[in-house]
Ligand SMILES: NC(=O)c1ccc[n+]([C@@H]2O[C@H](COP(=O)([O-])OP(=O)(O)OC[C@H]3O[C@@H](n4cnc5c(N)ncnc54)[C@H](O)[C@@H]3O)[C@@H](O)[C@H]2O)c1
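Here we start with a single chain on its own, the form predicted on its own, put down as structure tokens.
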């Protein structure tokens, strides 16, 4: 049951501007940790209804055993404000979570950064909009950065933190420390299209659709392959360490087959070819994309086996997720 106790670091006061799915989830995270949260949406009526939904969500999480009673009471103490400027005034962190519309972001970030104290950090939650462009709307862009939380924000640990060119190192350090303080796992990434997570998961989705279009499998079977085969590894290891454990020479060989059958999009990248030429084929050689002592390699492979076995047991214990019957395509 989730209750990390009262948060004692920076920030103490957070303004959450925009109370949709992501804004409410982030507000719950901050408030449950013990931060003072101010919530505001586009109108007073929408703000009032958003607060009601926030309390209902927290109560539902208590009933599900996901949130402690004391944490839920902290969520119930979230303040509502009449406008973005009132919410931002006196806040140490302004979290903008309005819809992905550049004009709306411009107006909201301008209003919030103008009303917030000069030392306050201003962040925009976005999954796609360019952070350098958004920084132009902020008074004091050195205190601004992007964030990309993932749905559901209460329980998904990863958060992408995206500096703009003007963002100061201190701003990033403070944001990363605050996220870690509430149990998140932030990664600082560059301001490219889709950042990292959406670029990777969209590439997977496109190939999944192609597998269905080519008649290799149904959507249901593709989902089963992902969750019970290679996706089984992903809660514990990223693509580079997975490749190291499998063998980069093996990856290069498989890519050769895929390139022959499916075209240049599967051409082995130069960095992979060079590593294999150098004999850096992964854990079995002591080096691949990463480097491993013999002790580190043995410990890694044993820990991998333990984690996979534990996850396999968990999948067997859990009731099946309700999934719709097969239909188009």
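Computed from a predicted model, the values in this text were never measured in an experiment. Positions refer to the first chain, counted from 1.
Unshown form predicted together with the ligand; subsequent notes refer to it.
At the 4.5 Å threshold, heavy atoms of residue 20 reach the ligand in the predicted bound form. For the chain shown alone, residue 171 is not a contact residue for the ligand in the predicted bound form, no non-hydrogen atom being within 4.5 angstroms. Within 4.5 Å of any heavy atom of the ligand in the predicted bound form lies no heavy atom of residue 135. When contacts are judged by a 4.5 Å heavy atom cut-off, residue 100 counts as touching the ligand in the predicted bound form. Residues within 4.5 angstroms of the ligand in the predicted bound form, judged by any non-hydrogen atom, belong to 119-127 and to none of the other stretches in 186-194, 215-223, 119-127, 248-256.
Every residue of the trio 41, 104 and 151 has some heavy atom no more than 4.5 Å from the ligand in the predicted bound form.
Between the ligand and the residues 46, 262, 302, 271, the one pair within 4.5 Å by heavy atoms in the predicted bound form involves 46.
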